[in-house]
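Consider the single chain below, provided in structure tokens and representing the form predicted on its own.
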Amino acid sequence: MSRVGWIRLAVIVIAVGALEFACQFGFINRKVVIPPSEMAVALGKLLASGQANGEIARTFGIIVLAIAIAVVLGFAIGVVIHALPRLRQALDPFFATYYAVPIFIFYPVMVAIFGLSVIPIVLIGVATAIVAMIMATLNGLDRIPRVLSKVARVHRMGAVATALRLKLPAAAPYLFTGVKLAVSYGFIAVIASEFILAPAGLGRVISDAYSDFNNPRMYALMLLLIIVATFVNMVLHAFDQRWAERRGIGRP
């Protein structure tokens, strides 16, 4: 593990240890926050019992679906917009202010149209994540060196071969940034949507546990979400770092 990795681990250990100490010795009311050790025990018992397995599968399935649609569709739309400069010029102001409007205001409308199903949640997840992927695609395509087009002409490469073998690898770092943002936005949007009106899912279960003052269950599921989100981001970061090293680009 690198020095930066050890520093990150130390920060996490210190933060968790401080919270454990504050809860155990009464600096934080246990009725408000339970110690991390109790959260871990409660999570272990919950997973062993299988009571929340259906909700866990439902939520993470929706998250994966929403992110996949946002990444694929966002990339495709970004390519089309990049090829049409006038359309891009017209849409740029909307992209710049897109996240100033809370997407969740459209949730009641989607529920009225599609009912209390997974469709509104998926649509909210896609709508939240897709613009990040579109903007990353445009950013990546903008930064493709023009010399690659000359290289393609010299080697008499077709449009498809040029795109796959030259342009796509050149834009890949920026596209991967879009994927990481889409993952984060999609994760947040789906969980938040389940909190609002969803009849099932981890967000709904956490909300119900909060209403019932069931702190062990609430914090156990919150800990699960934190662990999964942290693990996914760590994997994406490690992949990004490895990719950058292979391309000869050092990243801090």
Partner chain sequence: MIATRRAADTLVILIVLVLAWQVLHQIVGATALPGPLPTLSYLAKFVPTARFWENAEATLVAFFYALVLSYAIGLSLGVWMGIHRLSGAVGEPILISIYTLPKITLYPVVLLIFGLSLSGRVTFGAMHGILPVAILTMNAIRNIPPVYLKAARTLHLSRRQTIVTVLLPATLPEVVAGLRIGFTLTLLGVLLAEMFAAKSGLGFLIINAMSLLQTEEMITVAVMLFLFAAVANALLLWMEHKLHRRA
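Throughout, rigid core stands for the largest set of C-alpha atoms superposing within 1.5 Å between the two forms. Numbering follows the first chain given and starts at 1. These figures come from a predicted structure and were not determined experimentally.
The same protein also has a form predicted together with the partner chain, omitted here; what follows describes it.
Engineer: Does residue 72 make contact with the partner chain in the predicted bound form, using a 4.5 Å heavy atom cut-off?
Structural biologist: No, no contact at 4.5 Å.
Engineer: Would residue 22 sit within 4.5 Å of the partner chain in the predicted bound form, counting heavy atoms only?
Structural biologist: Residue 22: no, not in contact with the partner chain in the predicted bound form.
Engineer: So, in the predicted bound form, is residue 229 in contact with the partner chain at a 4.5 angstroms heavy atom limit?
Structural biologist: The answer is yes: residue 229 has a heavy atom within 4.5 Å of the partner chain.
Engineer: Tell me, yes or no, whether residue 93 is in contact with the partner chain in the predicted bound form, where a contact means a heavy atom of each within 4.5 Å.
Structural biologist: Output for residue 93 is yes: heavy atoms within 4.5 Å of the partner chain.
Engineer: Within 4.5 Å, heavy atoms only, one stretch in 133-141, 73-81, 170-178, 107-115 touches the partner chain in the predicted bound form. Which?
Structural biologist: Contact-bearing stretch, as computed: 107-115.
Engineer: The partner chain is absent from this chain, but in the predicted bound form, do 86, 100 and 192 each have a non-hydrogen atom within 4.5 Å of it?
Structural biologist: Yes.
Engineer: Is any part of 202-236 within 4.5 angstroms of the partner chain in the predicted bound form by a non-hydrogen atom, and which residues would that be?
Structural biologist: Those in contact are 206, 207, 210, 215, 218, 219, 222, 225, 226, 229, 230, 233.
Engineer: Does residue 53 shift between the shown form and the other one by 2 angstroms or more at the C-alpha, the core having been superposed?
Structural biologist: No; that C-alpha moves by less than 2 Å between the shown form and the other one.
Engineer: Superposing on the rigid core, I want to see if residue 28 changes position between the shown form and the other one - specifically a Cα shift of 2 Å or more.
Structural biologist: After core superposition, the displacement of the residue 28 C-alpha between the shown form and the other one reaches the 2 Å mark, so yes.
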